[in-house]
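Just the one chain here, the form predicted on its own, laid out as structure tokens.
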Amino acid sequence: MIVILHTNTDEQSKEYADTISFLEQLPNISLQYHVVQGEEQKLSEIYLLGDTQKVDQAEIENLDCVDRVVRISEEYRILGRHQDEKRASGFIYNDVHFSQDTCHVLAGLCAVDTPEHVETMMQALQKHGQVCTRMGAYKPRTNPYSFQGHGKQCLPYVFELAGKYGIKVISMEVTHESHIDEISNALQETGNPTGVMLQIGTRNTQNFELLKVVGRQTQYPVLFKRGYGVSLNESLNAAEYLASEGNSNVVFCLRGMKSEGGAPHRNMVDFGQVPVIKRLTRMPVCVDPSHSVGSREKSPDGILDVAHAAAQGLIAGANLVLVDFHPAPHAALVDGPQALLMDELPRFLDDMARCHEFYQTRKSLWA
């Protein structure tokens, strides 16, 4: 059961204290607090955990601070929508708004290789009005002898260059809890010139201990990738581990399913499930066409398969696109064959903006 307080409730008020006191006295019930900070308003939610079947919903709704009470209808208690269309979605991080209504492109290097390539990428993003990117410092690989990323050694120049070119959010995968400390230390040492969205890769979808650690910190939001070999429900429950530990600022990313049915693409594109995730949860939804398609092939219309796949996601309502670009794909240390070229960036961004606009048109048709 979720108790949703009135917008901008004063936590120092007598009414708030009385509400908490009442809830704390409910038998066999424990409380968990979550705050959703929107662009203009703060929404406080209190989760009642335990035997809530015997709780009098009307009695709680009559409390001065309470706006409404929502019965939980999905397994994902915190991230779930629970058939309540008024529940706030999304979050603001480093002055960038992420929600089920916004649209951002996180174009960048799958793996950081040289400062020169990082600067070229970020300079191009700034030129085209972008404030988000992806930069891989830690790279889990299928082959133990493959390049694993430069790790903490590359963080200072990545963050400094991000600040130089006005990049506010970097999506960066972490594979161990020590990486969070390394990122925090590097940000502090460079004067916090940018922000980081911690990325949970598909290989760690069900690494529950890592999810718990990442969830306990609330400084950084999280981009969570669906597991490539598990069901959508299993992945949504795994994302809930983050929120259950305290961090509900989560973006859910579809990146394709491992299946021979997707050939010749690298994975089976699963972007048709964008509206399902938006219906079941409050999370912004990201699509990763680079790892779904896995190549630079074009259809006869001259459009890259990666662009076609990304368009499918945005026209279905996706809110972010995570996509690989590289100044010199032939020299890339990871996934060079699927990276788009720098001269394709303006066309890709324009294409994605038009797809999001078309989605807005589709919404108005069905309103």
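Quick note: we count residues from 1 along the sequence shown, nothing fancier. Please read these numbers as outputs of a predicted model, since none were measured by experiment.
Another form exists, predicted together with a small molecule; not displayed. Remarks below refer to it.
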Task: Option touching the small molecule, based on a heavy atom within 4.5 Å in the predicted bound form, out of Gly90, Gly294, Gly195, Gly201 - done: Gly201
Task: Partner-contacting position among Val306, Ala318, Ala339, Leu322 - heavy atom within 4.5 Å of the small molecule in the predicted bound form - done: Leu322
Task: Partner-proximal stretch of 154-162, 234-242, 74-82, 133-141 relative to the small molecule in the predicted bound form, 4.5 angstroms, heavy atom - done: 133-141
Open item on the list: Considering non-hydrogen atoms and a 4.5 Å limit, does the small molecule approach Cys110 in the predicted bound form?
Closed with: yes
TODO: May I ask you to check whether Arg282 falls inside a 4.5 Å heavy atom distance of the small molecule in the predicted bound form?
DONE: no
Open item on the list: My question is simply whether His117 lines the interface with the small molecule in the predicted bound form - judged by any non-hydrogen atom within 4.5 Å.
Closed with: no
- [ ] Evaluate Arg255 for contact with the small molecule in the predicted bound form, applying a 4.5 angstroms cut-off between non-hydrogen atoms, and reply yes or no.
- [x] yes
